[in-house]
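One chain comes next, on its own, written as structure tokens: the form predicted alone.
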């Protein structure tokens, strides 16, 4: 993939120290986890099946870790080199690309089974220069047009973002629709200033005419998200450093290996009668 020259706005540029502090902040981890789990719910992928997802604005890999835990393969793109460096240091499992999403993507058509994005889409509303091709409508058009091509038919793309006005929402959704997407806006906790979250839920292909999911609206659902995050933190505390993730069953492993082969991965082990078999532990 090409890496076009791009000067990131100061709001989204992180130095090495700032990127590490952001990643290590417990509050940031909780917010990112909550919104990633919610994005996956809205993505509505078939259960217990491997999928290849695109994490748009992947940063230091906080969302990617959850994708790993849920059994998905993924690739991530981000404009901040320092955030990607932190992701590499943390040894996330996704493929990482330095990319200004406003320049569009260069992935092969139909590469991904879905896409998620957390707290990124609003940055496309910034004009980087006075040149017409740097205007928000041009950047949004390149972004949505190339993303639509990179997604399989049918599939979904879920964006959590922070619009500052209804005009921004209208601009984003209208350009996405012109690029071929169906769908629209889903709002969680609309009556809460603190918990309110806006999601753009886009459909490709046969899903275009589907009904939008309903937004969450209740303290019980919000509390469930907090409990889920705390459970995840406890799992992370008890997991020894460098310990491999638990092995899935044979069918799951075979599907994941086949997905790797379709992606062109080298050195994928051959299938055999030993695939997925638990090894004995010797002391």
Ligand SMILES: C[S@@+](CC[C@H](N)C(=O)[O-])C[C@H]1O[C@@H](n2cnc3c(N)ncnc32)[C@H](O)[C@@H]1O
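Numbering follows the first chain given and starts at 1. These figures come from a predicted structure and were not determined experimentally.
Same protein, other form: the form predicted in complex with the named molecule, not shown, and the subject of what follows.
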Answer key: of 102, 76, 114, 183, within 4.5 Å of the named molecule in the predicted bound form (heavy atoms) is 102
Candidate from 179, 96, 80, 169 lying within 4.5 Å of the named molecule in the predicted bound form - any heavy atom: 80
Is residue 139 near the named molecule? Define near as a heavy atom within 4.5 Å, in the predicted bound form. yes
Residue 120: heavy atom within 4.5 Å of the named molecule in the predicted bound form? yes
Although the named molecule is absent from this view, report whether residue 124 comes within 4.5 Å of it in the predicted bound form, heavy atoms only. yes
Considering only heavy atoms, tell me if residue 53 and the named molecule come within 4.5 Å of each other in the predicted bound form. no
When the named molecule is placed as it is in the predicted bound form, which of 149 to 157, 80 to 88, 184 to 192, 197 to 205 ends up with heavy atoms within 4.5 Å of it? 80 to 88
So which bits of 46 to 62 sit within 4.5 Å of the named molecule in the predicted bound form, heavy atoms only? 57, 58, 59, 62
